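One chain is shown next in structure tokens, namely the form predicted on its own.
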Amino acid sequence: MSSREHILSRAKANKPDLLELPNLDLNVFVDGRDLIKEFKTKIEVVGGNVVDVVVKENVISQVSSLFPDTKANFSTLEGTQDFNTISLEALNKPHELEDLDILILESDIGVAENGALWLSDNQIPIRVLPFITKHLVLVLNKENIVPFLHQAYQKIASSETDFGVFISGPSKTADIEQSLVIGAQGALSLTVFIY
């Protein structure tokens, strides 16, 4: 038995018994807040930008105005083939995407509590994409904003997915001398388009 197998077998043998999750009455969290206003505020607090659009089809033209000098772009929105300058099918390995300027993905859950957006395997063609792009653009229907993470987890529980992540704001760290650094470990900016 290798040391890895030994460690894993010891950990498995010493797992605590599973505990039932508490049954929460989510009605106690209903407070009549304006979800869209709260969501926008939280996105901006964590360093993101919010843009209102009337229809999803207007996102590409506005992204092109916000980021006019980009060379490597990719979008998963329908009808955006002309915007895409890279082909994921032609990639040999994800490292070839290190110069990706803009990535546009659609999220189907936004959380007003903390401005987080949910992305699952269904929305991310390659898992590393949201973390290596310079500018991340997420598109969200305002009807998919939920008040708290409790409601988001209820929605996620009913979907079949192997991977998912909540993203809130651009990458940031402030561990060194209380100096906030944006984009140290991920996207330099996050722009959320709400329609």
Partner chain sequence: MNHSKAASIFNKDEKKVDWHDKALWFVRHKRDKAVHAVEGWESLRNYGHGIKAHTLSNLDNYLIQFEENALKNGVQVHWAANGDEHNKIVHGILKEHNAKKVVKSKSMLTEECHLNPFLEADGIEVIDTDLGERIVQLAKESPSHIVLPAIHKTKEEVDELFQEHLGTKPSGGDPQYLTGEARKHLRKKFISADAAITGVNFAIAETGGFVVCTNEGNADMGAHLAPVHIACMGIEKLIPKQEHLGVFLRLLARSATGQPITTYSSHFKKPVNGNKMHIVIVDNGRTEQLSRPDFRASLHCIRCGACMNTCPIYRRSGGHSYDATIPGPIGSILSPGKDLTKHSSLPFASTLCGSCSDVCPVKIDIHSQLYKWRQIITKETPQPFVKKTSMKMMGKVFAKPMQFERIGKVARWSLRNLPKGVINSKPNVWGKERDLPSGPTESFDDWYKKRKDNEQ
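Here the rigid core means the biggest group of C-alpha atoms that line up within 1.5 Å when the two forms are laid on top of each other. Residue numbers count along the first chain shown, from 1. Quick caveat: nothing in here was measured; it's all calculated off a predicted structure.
Another form, the form predicted in complex with its partner chain, is not on view; read the next lines as being about it.
Legend entry - Partner-facing stretch of 61-69, 138-146, 166-174, 48-56, counted where any non-hydrogen atom is within 4.5 angstroms of its partner chain in the model of the complex: Among the candidates, contact is made by 166-174.
Inset, instruction - Report whether the minimum heavy atom distance between residue 101 and its partner chain in the model of the complex is within 4.5 Å. - result: No - in the model of the complex, heavy atoms of residue 101 and its partner chain never come within 4.5 Å of each other.
Legend entry - Partner proximity in the model of the complex: residue 76 to its partner chain, non-hydrogen atom cutoff 4.5 Å: No - in the model of the complex, heavy atoms of residue 76 and its partner chain never come within 4.5 Å of each other.
Inset, instruction - Although its partner chain is absent from this view, report whether residue 114 comes within 4.5 Å of it in the model of the complex, heavy atoms only. - result: Judged by the heavy-atom cut-off of 4.5 Å, residue 114 is in contact with its partner chain in the model of the complex.
Legend entry - Contact label in the model of the complex: residue 132 to its partner chain, heavy atom within 4.5 Å: Residue 132: contacts its partner chain in the model of the complex.
Inset, instruction - Could you list which residues of 11-33 come within 4.5 Å of its partner chain in the model of the complex, counting heavy atoms only? - result: Residues within 4.5 Å: 11, 12, 14, 15, 16, 17, 18, 19, 20, 21, 22, 23, 24, 25, 28, 29, 30, 31, 33.
Legend entry - Core-aligned C-alpha movement of residue 32 between the shown form and the other one, 2 Å or more: Yes, residue 32 moves 2 Å or more.
Inset, instruction - Using a superposition on the rigid core, decide whether the Cα position of residue 9 changes by 2 angstroms or more between the shown form and the other one. - result: Yes, shifts by 2 Å or more.
Inset, instruction - Indicate whether residue 20 shows a C-alpha shift of 2 Å or more between the shown form and the other one, with the rigid core used for the fit. - result: The answer is yes; the displacement is at least 2 Å.
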